[in-house]
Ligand code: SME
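Only one chain is given next, in structure tokens, and it is the form predicted on its own.
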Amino acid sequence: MNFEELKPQVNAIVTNTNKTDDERLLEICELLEASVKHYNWVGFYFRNGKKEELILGPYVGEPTEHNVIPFGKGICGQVAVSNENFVVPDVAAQDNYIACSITVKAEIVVPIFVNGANIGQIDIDSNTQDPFSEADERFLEFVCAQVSKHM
């Protein structure tokens, strides 16, 4: 599916105040995983209060044992420190990668900012090597901006 076609659906989800934040985040995960062929695991991690660690939020895909990720560890932990998108075309080439599944070949993580502070991120794994384009990055930045505005 075209990213432009997904944007109104993302907006409809984040603005639906009849659901909890977690229900809306899960619905975003379900939408993205079902609509984008190379999105095989879609989830959110959020900063754990003042602690320098991330806590797993809603996600879809294979179960993961990585419920808590210290800042600096793995791709998600690095994004928590750098405050920048991180696109990994080949996870096998990353020294500081936390393997969730042997089927994962690539990962993209985009931070979520509220009032300039990095409060969390969207994390997407792909079972396809090097599937992420600049269009993926821009779309996920849009998703994160909508999450930060409405939740």
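Source: prediction; values computed, not measured. Start at 1 and count along the sequence shown; that's the residue number.
A second form of this protein, the form predicted together with ligand SME, is not displayed here; the remarks below concern that form.
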**Asked** If contact means any heavy atom within 4.5 Å, which of 138-146, 21-29, 123-131, 6-14 contacts ligand SME in the predicted complex?
**Response** 123-131
**Request:** Could you confirm whether Ile69 comes within 4.5 Å of ligand SME in the predicted complex, counting heavy atoms only?
**Result:** yes
**Prompt:** Is there a heavy atom of Thr64 lying 4.5 Å or less from a heavy atom of ligand SME in the predicted complex?
**Reply:** yes
**Prompt:** Does Cys76 reach ligand SME in the predicted complex if we count a contact as any heavy atom within 4.5 Å?
**Reply:** yes
**Message:** Taking any heavy atom pair closer than or equal to 4.5 Å as contact, tell me whether Phe46 reaches ligand SME in the predicted complex.
**Reply:** no
